[in-house]
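Take a look at this single chain, the form predicted on its own, given in structure tokens.
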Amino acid sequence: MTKEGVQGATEEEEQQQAQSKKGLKKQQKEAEKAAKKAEKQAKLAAEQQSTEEDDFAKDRYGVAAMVQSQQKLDRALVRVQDLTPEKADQLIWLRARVHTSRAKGKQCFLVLRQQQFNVQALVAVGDRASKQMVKFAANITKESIVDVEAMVRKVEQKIESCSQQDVELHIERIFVISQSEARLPLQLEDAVRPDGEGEEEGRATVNQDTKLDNRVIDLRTTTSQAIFRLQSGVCQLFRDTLTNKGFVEIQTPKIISAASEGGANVFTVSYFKTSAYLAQSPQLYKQMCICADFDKVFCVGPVFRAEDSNTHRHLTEFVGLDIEMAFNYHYHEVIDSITDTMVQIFKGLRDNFQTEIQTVNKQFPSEPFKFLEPTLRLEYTEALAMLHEAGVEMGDEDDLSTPNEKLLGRLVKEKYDTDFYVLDKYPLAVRPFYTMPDPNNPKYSNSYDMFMRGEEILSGAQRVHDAQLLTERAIHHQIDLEKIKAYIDSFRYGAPPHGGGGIGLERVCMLYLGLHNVRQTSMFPRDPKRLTP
């Protein structure tokens, strides 16, 4: 063998030896690692066994069996909002969600939430709670539902971060009733953070689409809870006020044979071997009820509009609060009745929903809603004069554009200090065929809109109650008479003079609270781009 060959072989052997040494070292390390792991597991198991033996509180916490109505417990659960200093030193049971938890040494602080109310709770190692119980409480996932037995204690210093600031709970038992998954699609504290605050402090805020995609979580926030409780109040006040005025609540069909408002913005649905439409308004049926001597009617129900409008104030399905009534001699009797109903709603919200208003204001600050008694009524020509004075160019018979509506709202607020007003005597050309013309000026009509914070919330009018005039107006608007035959026929057998209007519930709530998007006040909004959840 040559000198080079011998040298090569030696190098190869040395390399092999080095590799086998490396391999040995690796094996040794792995063996040590495995031994350590086994030791650790044995230690943990031993600890767990001894802790289980030592855990005197093991019956005071845990994951409860799924509630399948196995038993009837004679146990009264206290509401979080009722936890006041008067309940101090009482032992109570409570069911709530874990809003946040924070372990600190031998204790764990929880914030327990129920709708828009929350309270601080404490689990601390002592006579009633073991180390294991504290550890269990600290590991309960956010949004889980728990039952707790706790002693109510007064606190010396107010707990600013909770709605119940004067008391805290000292937990003696805690059971998980329904466990949440650990990873939430959005954090509730991020979802209620005011936009500006999040940007300034570099903290997260949640955009609207994420909120709406995860609406069930978003509806748990204090802001959403407050919005929809206030919305429920609007419906209740609307019903109560009108019932007290002698109105009858009616239900009208939503599947109809002809477009209720005419025009193209109507949803068509297949109806056996033919087509039908989703009602754009209960208009025709309200009027039929007046012709049928119900005198004053109202209804609360869904309204459908196939408008491809992706704005802050348009929905394809919304809740209509509709009113129709016979009057004696002048349609202003109708305006007075509707404006008084709105004023009663505003007063009811102001007097009974301050908690909700303040809760929403924390995230979306706005000026308190102002209104006058009696309600301010302006004629269309007066509004045009105000706009002309402000530099707006528009014709006498032009409809108001959205920017002009908002500008007019600002001008009215400056001049009259009200957020709510009526605009009367609209040009006939911009109103539907069933609107009664003004007897003194054929250019105008006996119609009106109502505005909140410069945005329209109601459109209404005296209706044409004479079959002959109604036919003429329909022909003028090029409407197929065959399609509205049943409607026109309703007026052939004597019909009282009448008028009414339709209000959008979601808009009323949005504008009363000073919010900027109608999707915030629609529980599961429908718009041209959203059909879920």
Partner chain sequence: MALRELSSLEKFLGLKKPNKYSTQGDKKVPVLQSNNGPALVGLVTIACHLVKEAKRPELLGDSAESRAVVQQWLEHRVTKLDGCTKEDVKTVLKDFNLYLQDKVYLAGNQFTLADIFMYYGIHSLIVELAIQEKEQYMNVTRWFDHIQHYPGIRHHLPPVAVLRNRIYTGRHH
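Keep in mind it's a predicted model, so treat the numbers as computed, not measured. Residue numbers count along the first chain shown, from 1.
Just so you know, the form predicted in complex with the partner chain exists too; it's not on screen, but the next bit is about it.
- The listed set Pro365, Pro185, Gly196, Pro85 contains one residue whose heavy atoms approach the partner chain in the predicted bound form to within 4.5 Å, identified as Pro365.
- Interface residue among Leu212, Ile177, Leu411, Cys299 relative to the partner chain in the predicted bound form, by the heavy atom within 4.5 Å criterion: Leu411.
- Stretch 383-391 is the contacting one of 383-391, 425-433, 94-102, 112-120, since its residues have non-hydrogen atoms within 4.5 Å of the partner chain in the predicted bound form.
- Although the partner is absent here, His516 is a contact residue: one of its heavy atoms lies within 4.5 angstroms of the partner chain in the predicted bound form.
- Put simply, Val78 is far from the partner chain in the predicted bound form: not one heavy atom of it is within 4.5 Å.
- The partner chain in the predicted bound form is not approached by Ile159, whose heavy atoms all lie more than 4.5 angstroms from it.
- For the chain shown alone, Ala258 is not a contact residue for the partner chain in the predicted bound form, no non-hydrogen atom being within 4.5 angstroms.
- Contact annotation for 133-151: no residue has a non-hydrogen atom within 4.5 angstroms of the partner chain in the predicted bound form.
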